[in-house]
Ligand SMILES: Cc1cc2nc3c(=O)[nH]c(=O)nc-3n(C[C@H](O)[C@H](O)[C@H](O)COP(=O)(O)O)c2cc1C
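Let's start with one chain on its own, the form predicted on its own, as structure tokens.
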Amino acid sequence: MKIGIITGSTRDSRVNLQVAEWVKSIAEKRTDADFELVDIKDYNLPKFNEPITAIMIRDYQASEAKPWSDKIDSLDGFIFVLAEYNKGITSGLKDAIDYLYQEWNNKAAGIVSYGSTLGVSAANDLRLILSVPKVATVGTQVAMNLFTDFQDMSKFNPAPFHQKTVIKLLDEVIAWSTALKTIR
């Protein structure tokens, strides 16, 4: 199994990468899957403006979309590290999802969220968005508070109990990704 840990923010001042690296450090202790940090900022995707949606055809006009397509296609499942902005997901993550369709199909995903209200609204938003390209989201969610799991809202310092939830989330994503691979 190849699981991508996808960053959900592209802002220069983001703390998202710190959270993603923490998840990866926990995941790398496992032997039942390979984990890779997938930073959407590295793909430099422009605002979504394809003439035809990806549900119809995999013919991307933006040159940045092809490497993004190849990366998502190569993965069996995902962990989305999600910052909540105005009770929703970031525009960068929404565009990254919208660029593709078939590459997401019949794969599993887990959500690690954070925000002033644990990122719960954004996580629910993401679950709905991912249902369209047929991504199955697992039930366990890691939800962290911007005020208690970060110092000065900029340095990530998670409460120790979150690690057990990350492990349970990884268990579910790997199990579901393994099962869904049989129908891809």
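Each residue number is its position in the shown sequence, starting from 1. Just so it is clear, the model here is predicted, and its values are computed rather than measured.
Separately, the form predicted in complex with this ligand exists; it is not shown, and the next lines address it.
Enquirer: Would you confirm whether the three residues Ala27, Gln141 and Gln163 all fall within 4.5 Å of this ligand in the model of the complex, going by non-hydrogen atoms?
Expert: Checking in the model of the complex: none of Ala27, Gln141 and Gln163 is within 4.5 Å of this ligand.
Enquirer: With the partner removed from view, which of 29-37, 112-120, 60-68, 46-54 is the stretch that lies within 4.5 Å of this ligand in the model of the complex, judged by heavy atom distances?
Expert: It is the stretch 112-120.
Enquirer: Taking this ligand as it sits in the model of the complex, is Ala136 near enough to touch it, meaning that at least one heavy atom pair lies within 4.5 angstroms?
Expert: Although this ligand is absent here, Ala136 would stay clear of it in the model of the complex, with no heavy atoms inside 4.5 Å.
Enquirer: Since only the chain is shown here, I'm wondering whether Asp76 would be in contact with this ligand in the model of the complex (any heavy atom pair within 4.5 Å).
Expert: No, Asp76 stays farther than 4.5 Å from this ligand in the model of the complex.
Enquirer: State yes or no: in the model of the complex, is some non-hydrogen atom of Ile97 no more than 4.5 angstroms from a non-hydrogen atom of this ligand?
Expert: Ile97: no contact with this ligand in the model of the complex.
Enquirer: My question is simply whether Tyr85 lines the interface with this ligand in the model of the complex - judged by any non-hydrogen atom within 4.5 Å.
Expert: Result yes; Tyr85 sits at the interface with this ligand in the model of the complex.
Enquirer: Enumerate the residues of 1-37 that have a non-hydrogen atom within 4.5 Å of this ligand in the model of the complex, in sequence order, or give none.
Expert: Counting only heavy atoms within 4.5 Å of this ligand in the model of the complex, the contacting residues of 1-37 are Ser9, Arg11, Ser13, Arg14, Val15, Asn16.
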